[in-house]
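In the form predicted alone, a lone chain appears below as structure tokens.
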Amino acid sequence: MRALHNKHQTLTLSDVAAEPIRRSGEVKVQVHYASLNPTDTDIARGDLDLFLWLYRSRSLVRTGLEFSGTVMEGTARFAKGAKVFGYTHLMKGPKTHQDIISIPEDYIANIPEGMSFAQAAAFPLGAQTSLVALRDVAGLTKEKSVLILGASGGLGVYAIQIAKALQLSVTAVAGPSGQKIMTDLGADQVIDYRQTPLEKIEGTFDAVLDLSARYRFNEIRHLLTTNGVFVPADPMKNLSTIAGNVFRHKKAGFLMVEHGNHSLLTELAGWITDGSLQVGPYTEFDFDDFEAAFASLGEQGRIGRTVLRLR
């Protein structure tokens, strides 16, 4: 069985002797595709070693959050042979950069008809996080407005579509290479941040969703309506602001989707089936080319998701 080991901030693709043991409430899955995310880069560099230690994560396979594959050993909910996709825990439990994983059945869902394994691996984290950010954290309802920063990236390509499915007014911001994809996905207005920097964006919004993880509350508060909500993809940069919400009308939301949710992923899969949502763009690499895949995450103007083909 192949696995991507992370030891002393070095990634190595190697063979391991034993398959993971399936525990109660888990399914064992043959992984076909797994995603790459900025969090994987942070883990590989050692930036999250403290959090991994606090969560008592001791596995050498530390990278890989999303996956798609075929059930090898199932449960009443997911029979052997079922095609599934999901999103494992950010810090603890199994990671997906290995041929076989054993994962809680509550973290996964069935792949909808017509979705490929590659598409399914590019889907769960971005779609589920975007839905939670817009509907639960920002509390947006029909005809409210949202400004999405980093809208052509791995989360943004889903945030735009989900915002439109929720009947929101969407203004999307990205670089010049992202303008067409943002329009194609349904944004009502698109902005090139090179032409219109943050301080020159006109109007105010019921929510600002920062998927670039670059900004702090004080940098965007002028863009919020009186009771607007700022939702940063990296809440750790805004913890003091979040703690002070009680003293302000304008709020900073805490967005932390730690793992897949069967109910939400099943709901989103239904949106794929009925055409409300489409799989965003993605770039595919072979598992053996993991170094090139990781390097691609740092490319400026990168569009959509990145996935590794394991099988």
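Fair warning: this is a prediction, and the values are worked out from it, not measured in the lab. Note that residue numbering begins at 1 and tracks the sequence as displayed.
Heads up, the form predicted in complex with a small molecule isn't pictured, but that's what we're talking about next.
Worksheet item: Within 4.5 Å of the small molecule in the predicted bound form, heavy atoms considered, which of 98, 88, 152, 171?
Response: None of the other options qualify; the answer is 152.
Worksheet item: So which of 119, 241, 212, 161 gets a non-hydrogen atom within 4.5 Å of the small molecule in the predicted bound form?
Response: Filtering the options by heavy-atom distance leaves 212.
Practice prompt. Determine which one of 161-169, 218-226, 78-86, 204-212 lies within 4.5 Å of the small molecule in the predicted bound form, judging by heavy atom distances; exactly one does.
Written response: Of the options given, it is 204-212.
Worksheet item: Quick one: does residue 175 come within 4.5 Å of the small molecule in the predicted bound form, counting heavy atoms only?
Response: Yes - in the predicted bound form, heavy atoms of residue 175 and the small molecule come within 4.5 Å of each other.
Worksheet item: Hey, in the predicted bound form, is residue 93 touching the small molecule, heavy atoms inside 4.5 Å?
Response: The answer is no: residue 93 has no heavy atom within 4.5 Å of the small molecule.
Worksheet item: With a 4.5 Å heavy atom cut-off, would you call residue 256 a contact of the small molecule in the predicted bound form?
Response: Result yes; residue 256 sits at the interface with the small molecule in the predicted bound form.
Discussion item. Considering non-hydrogen atoms and a 4.5 Å limit, does the small molecule approach residue 300 in the predicted bound form?
Written reply: Output for residue 300 is yes: heavy atoms within 4.5 Å of the small molecule.
Practice prompt. State yes only if every one of 28, 109 and 261 has a non-hydrogen atom within 4.5 Å of the small molecule in the predicted bound form; otherwise state no.
Written response: No, because 28, 109 and 261 lack any heavy atom that approaches the small molecule to within 4.5 Å in the predicted bound form.
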